[in-house]
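Taking the form predicted alone, here's one chain by itself in structure tokens.
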Amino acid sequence: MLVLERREQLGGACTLERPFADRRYLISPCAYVVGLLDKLVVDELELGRHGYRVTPADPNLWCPLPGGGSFAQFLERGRTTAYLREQGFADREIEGLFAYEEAFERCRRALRYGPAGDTWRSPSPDRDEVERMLGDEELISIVFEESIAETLDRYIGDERIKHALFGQGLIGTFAGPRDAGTASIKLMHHQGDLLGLGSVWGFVEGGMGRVSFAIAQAALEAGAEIAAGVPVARIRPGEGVELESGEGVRARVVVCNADPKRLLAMLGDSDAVPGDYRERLERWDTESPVMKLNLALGRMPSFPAAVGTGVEAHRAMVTVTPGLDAAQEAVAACRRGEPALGFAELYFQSAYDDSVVPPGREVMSVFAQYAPYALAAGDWDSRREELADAVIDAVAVHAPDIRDCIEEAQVLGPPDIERRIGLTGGHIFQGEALPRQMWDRRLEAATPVEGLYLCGAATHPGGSVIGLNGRIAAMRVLERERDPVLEIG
């Protein structure tokens, strides 16, 4: 196998950079935490032996509330209960929270551990098959129909808890909390099992790029060759590829990790692409509302809502938001080309791992929505700092000293992510992950184009750092082909 990587560094959106004047800061520019990387991939490739280490965040989620107080979810249910009681939440609301999480856990057990097998480790079942596996109208509605607001309303009455949780149904999605299908976004992010702890998230030692680097080491050890900084211009089905340098690389089998739009561009007007498949790729929705900020900090910011609670907010994934209804208004504004903060998640890698910062320094990353690719007024080059300031203002509501902590900032809007990483529209999942583009509506590893397979996030089981997309592609190649393979990324 020969791997051709367009950029000079490996990993795509899951990589490491040194973007600041002080080169000792090591930043994961787009992928921040791990929770869906499948144990089968970790074990088969022996990623631990190649440097993969992860520490679960605890609390996994912490959210300062607009009216005062805060919400937290810990790895241990008892700690969550005690914390929420201390914050004045009623027992019935706490039980409603656990019932809400159990509904998603029932989905996870049915789809990943049910009698029909693990739906994530093989080509996707169709909707009828998924419905039979679920066997429950409520779960079917969560997977295919409901908004995250509807699901929350069924279990929880306290608006403060809804305020803390609705963002889990929006991550990477151009939709609001009341839009149909957003419950399935929460489900997609709930189907992992990190270190046997279930659906939780953690920080990779050395940054998220270490996942990609560990996989690369496993590939090299197995005999693969990797060439970075070698962009592909054309895919020639059944023959191989043509590089931007004009050279050709012959291979009857090509496995492509690029998104569907990039794939189309590399296929050009080849008559090897069936018309209906070309049309499907052309229709693929890659519109992203996500903005990324990576900040070098002189010190950690202070969160007044955490004072006296016994919680270090920096050790959690921190959600900040003006509220569920405000988020719905924000996505409407974004559709008009107007950026508006609906919610953001903050990640403090250095709270767990000081190897990514200079001594005495810290780092914070921000995943923010909603920021349109095309602005109704101006453009990203002229407004980047202004838009970043708006996100920092939202953080400052809960961490008033944040601006005093910031030494340098890296700001990535959708066009920046597209240009730097190669993701069309800046979409971190290679395309919308609502039900209309999930399960058997996600792209398949095996394509109708001769010798061409897909292994990227646009394939089943979906976006995020999962690893199974590539494994499914590899298994399909091994089932159907005998010739040498060329992977392009």
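When you see a residue number, it is the position in the sequence shown, counting from 1. Here the structure is a predicted model, which means the values were calculated and not measured.
This protein has a second form, the form predicted in complex with a small molecule, left out of what is shown; the following refers to that one.
The shortest heavy atom separation between residue 70 and the small molecule in the model of the complex exceeds 4.5 Å. Among heavy atoms of residue 421, some come within 4.5 Å of the small molecule in the model of the complex. Using a 4.5 angstroms threshold between heavy atoms, residue 438 stays clear of the small molecule in the model of the complex. When the small molecule is considered in the model of the complex, residue 292 lines it closely, a heavy atom lying within 4.5 Å. Contact with the small molecule in the model of the complex, defined as a heavy atom within 4.5 Å, is made by all three of 7, 428 and 463. Though the small molecule is absent from this view, in the model of the complex it lies within 4.5 Å of a heavy atom of just one residue from 284, 201, 144, 155, which is 201.
Only one of 31, 443, 433, 57 lies close to the small molecule in the model of the complex, with a heavy atom inside 4.5 Å, and it is 31. Of the candidate stretches 250 to 258, 393 to 401, 127 to 135, 308 to 316, only 250 to 258 has residues with heavy atoms within 4.5 Å of the small molecule in the model of the complex.
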